[in-house]
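Only one chain is given next, in structure tokens, and it is the form predicted alone.
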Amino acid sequence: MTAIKIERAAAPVWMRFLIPVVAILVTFVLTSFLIIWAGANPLEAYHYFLIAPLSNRVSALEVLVKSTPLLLTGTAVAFAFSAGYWNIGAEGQLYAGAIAAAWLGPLLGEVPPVIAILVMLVGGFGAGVLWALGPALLKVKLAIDEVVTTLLLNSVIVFLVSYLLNGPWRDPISMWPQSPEIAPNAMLPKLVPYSRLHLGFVVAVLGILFLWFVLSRTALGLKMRAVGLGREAARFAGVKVDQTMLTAALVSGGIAGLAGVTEVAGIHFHLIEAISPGYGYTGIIIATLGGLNAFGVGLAALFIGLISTGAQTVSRALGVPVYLGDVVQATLLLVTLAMFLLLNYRIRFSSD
């Protein structure tokens, strides 16, 4: 009788760096069938996806604008995942930061711009931490699955935003469901004149550098990676597992909250219900594609930002549905996960 056994297998380090490249190529092949079905040429479509957005200054800067919240949510997810805390709530934590920014922004009209922006960033970080606190405590105190709790809280805060925008924060003049405008001195300054690229991009890059520094240069990062690789082994080695996971969860929530601040203070200048088209969930794709490595996460975020910008370009040029960009991102996540699974495990046939 032949038995199938799935065993853990060690793979060369170089293969882990090769996976994102192979995953992107496989994704392009798979989604080519959908592009043909939509009546377009795949090669032409991918030209508009990958090349056209970088061909002029305006669209190239727009790639960086799209990448800004993705850099932050990708960093947030990677920070938590590195410690074995599966934070699926970056979307909700982003909204928490956006609520804080929309609340603080109109109150800072008499404050110098530097202080106003710092208050907004600190407030958004704190709001993200608070929204991440409940699931984190449930995890470390009661061993309740954080995937479920963080995911469910995403829906809770979306309904909270809807209540605020259709209730106390509704614009009294236009009756449009949006919060009051933040003060001009609380708005993030533009990095490039006549563009939408704002100071939030710098904040996002600093987030990537923070992730790299913590994971590779601090005792906390060493503990986080130890817990992520094996909680019991880390506990046996003297690591305070619960404390490490709690720290990782809260910092992750705070970083995701900053993404909400940058969207309110850098793009919209008020809170709207659709302030995030799923940036928190896309952060999971970015963290996975980047292999939980800081610079890998940065490159993955820029790539997804390019895909998001290119989806609008290909839609205008070829009439392909703009949602094809979301399909590419989802397919990329599934392919990447499958390849990591094949990398870490092997199937062996044995005769009993």
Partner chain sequence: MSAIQMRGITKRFGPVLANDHINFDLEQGEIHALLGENGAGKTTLMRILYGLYHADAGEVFVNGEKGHITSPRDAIRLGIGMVTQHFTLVPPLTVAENVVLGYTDGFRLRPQEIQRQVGKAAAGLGVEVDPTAIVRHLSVGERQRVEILKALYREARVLILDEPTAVLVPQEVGVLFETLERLRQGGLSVIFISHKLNEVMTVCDRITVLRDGRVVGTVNKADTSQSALARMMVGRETFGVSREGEQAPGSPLLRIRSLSVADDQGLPALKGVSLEVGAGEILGVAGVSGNGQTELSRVLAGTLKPTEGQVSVGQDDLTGAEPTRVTAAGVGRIPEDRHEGLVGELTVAENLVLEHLGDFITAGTLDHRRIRQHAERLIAEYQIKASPTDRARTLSGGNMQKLILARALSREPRVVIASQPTRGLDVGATEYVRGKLLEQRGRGAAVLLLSEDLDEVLALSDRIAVIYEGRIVGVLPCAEADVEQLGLMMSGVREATGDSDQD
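It should be emphasised that the depicted structure is a prediction, and the values quoted were computed from it without experimental measurement. Positions refer to the first chain, counted from 1.
There is another form of this protein, the form predicted in complex with the partner chain, and it is not shown here; the text below is about that form.
Contact annotation: of the candidates Gln243, Ser162, Thr218, Ser174, the single residue with a non-hydrogen atom within 4.5 angstroms of the partner chain in the model of the complex is Thr218.
Think of it this way: in the model of the complex, the partner chain has a heavy atom of just one of Lys190, His268, Arg235, Arg170 within 4.5 Å, and the residue is Arg235. Contact annotation for His198: none of its heavy atoms lies within 4.5 Å of the partner chain in the model of the complex.
Proximity of Lys223 to the partner chain in the model of the complex falls within the 4.5 Å heavy atom cutoff. By the criterion of a heavy atom within 4.5 Å, Ala143 is excluded from the residues contacting the partner chain in the model of the complex. Looking at Phe213, you'd find a heavy atom of it within 4.5 angstroms of the partner chain in the model of the complex. Segments offered: 121-129, 273-281, 247-255, 224-232. Contacting the partner chain in the model of the complex at heavy atom distances within 4.5 Å is 224-232.
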